[in-house]
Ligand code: NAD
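Take a look at this single chain in C-alpha cells; it is the form predicted on its own.
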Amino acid sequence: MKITDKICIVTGAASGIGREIALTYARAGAKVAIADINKAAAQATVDAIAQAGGTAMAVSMDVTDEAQVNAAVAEVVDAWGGVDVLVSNAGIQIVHPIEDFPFADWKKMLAIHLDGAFLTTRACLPHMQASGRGGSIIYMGSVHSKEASVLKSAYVTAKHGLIGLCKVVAKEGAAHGIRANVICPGFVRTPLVDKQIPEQAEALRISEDDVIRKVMLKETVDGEFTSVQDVAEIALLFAGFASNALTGQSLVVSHGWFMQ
C-alpha cells in the first residue's frame, strides 16, 4: 500500500484536513497538487512540503467552476503526466434552522460539496483510465453522511449524497482499476469547526463549552475530537490500497460517535 511517485490532487488543501492529507502524502513519497481557491495559501503548503524534501505544486481551483476544475487538472497532467489519486476534500459549513435557511446558502453548500465532487471526479477519471494504472478517488464525507444533526440540513444532505456518488464511481471505475471510497470523520478541530461553535451556541442558546461537550462530542467514547492526523492516515490507506477489494466503502473515524 505504497504511494511513492503517485500523482495526487487534494482539493481544499491549503488548510485543515486537506493540508494534513497533502503533507502525509508528500512524506510517503507522492507528488501532490495543492488545489485550492486561495492560491497564496496553497503555495504556503507547497513551500512546507518542499522544505521537507517533498514534491508539490499549487493550482487555483474553485471546485464549483467547471472550467477552473478542468484547467487545474489539465495543469497537473501537463506537469506530471497523469492523475493517480483524487481527494475531494473542499468544503464549507453554513448552519440555520430549515425554516430560516436561505436558498442561496443551500445552493452554495450543495455546489461546493456535491458539484465539486462531481466535477473533479469527471475531470480526473479519463486520465486514470488512460494511464492503465487505475486510481483512487477519495471523498471527504462526515459522520453526517450517516447521521443527522439539527441546523445542518444542507450539510447532511450533501454528505449523504457523496456516498451515493462514491458507489456509482466504484461500479463504473472497477473495470479500469479505479476505486472510490468515503472518509467520514467526526468533529475535527479545524477552522471550519471553530467557526461553528459560536454559531451553534447562538442558535441553540447554550454556551460554547456546552456546544463542544453536549453537542459535538457527546456521543464519542472519550470526549475527544478526531484529529487531522487520524483522517490523513485513512486517506493514505485508501490511496495506497491496490485492488478493488476496498471500493465503494465509507469508513467512519469519529472516536465512536457513530458505530456501524
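All values derive from a computational prediction rather than experimental measurement. Each residue number is its position in the shown sequence, starting from 1.
Unshown form predicted together with this ligand; subsequent notes refer to it.
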query	finding
Which of 50 to 58, 37 to 45, 24 to 32, 200 to 208 lines the interface with this ligand in the predicted bound form (heavy atom within 4.5 Å)	37 to 45
Contact flag, residue 14 vs this ligand in the predicted bound form, heavy atom cut 4.5 Å	yes
Exercise: residue 188 in contact with this ligand in the predicted bound form, heavy atom 4.5 Å	yes
Residue 63 within 4.5 Å of this ligand in the predicted bound form, heavy atoms	yes
Contact of residue 142 with this ligand in the predicted bound form (heavy atom, 4.5 Å)	yes
Listed residue (90, 76, 180, 128) with a non-hydrogen atom within 4.5 angstroms of this ligand in the predicted bound form	90
In the predicted bound form: members of 223 to 246 within 4.5 Å of this ligand, any heavy atom	none
